[in-house]
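The chain below stands alone, shown as structure tokens; this is the form predicted on its own.
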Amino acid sequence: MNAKRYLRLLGVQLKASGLLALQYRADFLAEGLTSLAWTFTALAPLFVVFNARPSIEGWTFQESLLVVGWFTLLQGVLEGAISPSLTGMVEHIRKGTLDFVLLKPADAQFLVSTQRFLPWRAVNVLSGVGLFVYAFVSLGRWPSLPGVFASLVLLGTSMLILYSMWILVVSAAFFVVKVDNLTYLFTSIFDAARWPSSVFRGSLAWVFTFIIPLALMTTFPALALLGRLPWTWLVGAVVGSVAFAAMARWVWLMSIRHYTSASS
């Protein structure tokens, strides 16, 4: 794969999405304000829970804000960069237009993953960073440099897992075509990532750690910023995310081999 060529192609796709969004500036501002409102709405359950107790499962209100911050940041990545493109791929399969993508001289997974971005979702990313700053100001201290480095590594692994999970979901469209319910189900499950993983017990704790690794996406980075994450967990997160991405790539290639055009 020519990395320089694909980076240039990604730049073209980002520029096209930005120009398309700015074409309707009122919508751009309205969507940005809506994203900001939803961010503050997501904090409501946290205020309700911590109004009755000082901490839950070892997490104070300020520490839990870090988990919500990571959830808000990843929600921006999911809804701004991952979901729009991959949801569009399902439409390509339904309409039989995926053939035009497969015939282009570039990797099909890259093309369908970068065909559309929603720039106003950057508000969620900035809101997440704002929650980190507020939480640490309230705690009266700042994260260490190793903690920041570990959290940045975990940001990469979280995005890789989130993207791989969506590849697995949309790959089902090659076999059942209609996967709307699966995407809605995944979005609903992802909402659980706004809570520290220690609040879940029994089978839910196991599922959210190993099957749908929500704990790795939001709780692990928060623990890294607080300086509580063991390095063995960090190494495990990197190895696990790479293995997850490799599995998603294998499923994608297998699904492509079984694809038959809807127009044929």
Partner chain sequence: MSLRTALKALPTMLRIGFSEAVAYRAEMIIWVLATTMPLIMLALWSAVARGGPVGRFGQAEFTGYFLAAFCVRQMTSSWVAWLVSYEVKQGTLAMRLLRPISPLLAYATEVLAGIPLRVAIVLPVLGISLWVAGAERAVPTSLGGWGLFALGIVGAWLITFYLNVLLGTLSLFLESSQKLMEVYMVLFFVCSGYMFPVEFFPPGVRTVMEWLPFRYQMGLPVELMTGAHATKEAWELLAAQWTWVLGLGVVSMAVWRRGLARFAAFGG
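Positions refer to the first chain, counted from 1. Predicted, not measured: the structure shown is a model, and the values here were computed from it.
Below: the form predicted in complex with its partner chain, not depicted.
Mapping the unseen interface onto this chain, Arg194 counts among the residues with a heavy atom inside 4.5 Å of its partner chain in the predicted complex. Proximity of Trp206 to its partner chain in the predicted complex: non-hydrogen atoms within 4.5 Å are absent; the residue sits far from the partner.
Proximity of Tyr184 to its partner chain in the predicted complex: non-hydrogen atoms within 4.5 Å are present. Residue contact check for Thr41: one or more of its heavy atoms lie within 4.5 Å of its partner chain in the predicted complex.
Think of it this way: in the predicted complex, its partner chain has a heavy atom of just one of Ile212, Leu234, Leu226, Val199 within 4.5 Å, and the residue is Val199. With contact defined as any non-hydrogen atom lying within 4.5 angstroms of its partner chain in the predicted complex, the stretch 75 to 96 contains no contacting residue.
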